[in-house]
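Have a look below at one chain only, the form predicted alone, in structure tokens format.
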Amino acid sequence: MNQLREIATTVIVVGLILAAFHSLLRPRHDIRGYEFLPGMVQSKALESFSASPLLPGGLVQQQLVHGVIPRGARPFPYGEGTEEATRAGQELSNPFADATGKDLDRGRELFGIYCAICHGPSGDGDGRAVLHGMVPPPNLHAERARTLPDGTLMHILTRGQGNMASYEAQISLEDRWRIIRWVRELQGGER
């Protein structure tokens, strides 16, 4: 009997403790709640290209981890290097090769945003970055640039080459093809 009374007392005490915790912790919309570690709840956001001594490279903006494919992008099945660039040149063709109108205008617009800073607005290799000390990029009117297949140009835009970085993460596959179409327009349609 004593043991039964102790169990009943324990159950009642535990029940009262749980009821007290419930009344303290239940959500109430009429009063402001308490923030636990408010620095984590309302942390200060950093700007994308600002300095960060904690991250590799010293910048907040980090490169994509190798193998990551941005949402909406399609994988590019060619690796890095000149052999892969040659293979891409042999296997790929520009779906916008005969594009006019909106697609051509889109290629011109994107060239102005991403390419003209180095290659110049006409593709002569005299962009603003060159005026500030960057190594001049190839002239897009040179014989080599005019004779490169569209697939090789796509490989260069996607994987990068020499001083040129990859633009795979910044420019969609279709828009890279449109840029190549605009480059061909700048070159006078010569291939």
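A residue's number is simply how far along the shown sequence it sits, counting from 1. This is a predicted model, so every value here is computed, not measured.
There is another form of this protein, the form predicted together with ligand HEC, and it is not shown here; the text below is about that form.
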(message) Whether Y114 contacts ligand HEC in the predicted complex should be assessed with a 4.5 Å heavy atom distance threshold; does it?
(response) yes
(request) Using a 4.5 Å heavy atom cut-off, state whether A145 contacts ligand HEC in the predicted complex. (result) yes
(message) I'd like to check something about G125: if you look in the predicted complex, is any of its heavy atoms closer than or equal to 4.5 Å to a heavy atom of ligand HEC?
(response) no
(message) Is G151 near ligand HEC? Define near as a heavy atom within 4.5 Å, in the predicted complex.
(response) no
(request) Work out which of the listed stretches, 62 to 70, 49 to 57, 161 to 169, 35 to 43, brings a heavy atom within 4.5 angstroms of ligand HEC in the predicted complex. (result) 161 to 169
(message) Suppose contact means a heavy atom within 4.5 Å; in the predicted complex, does that hold for all of L104, H155 and L173 with ligand HEC?
(response) no
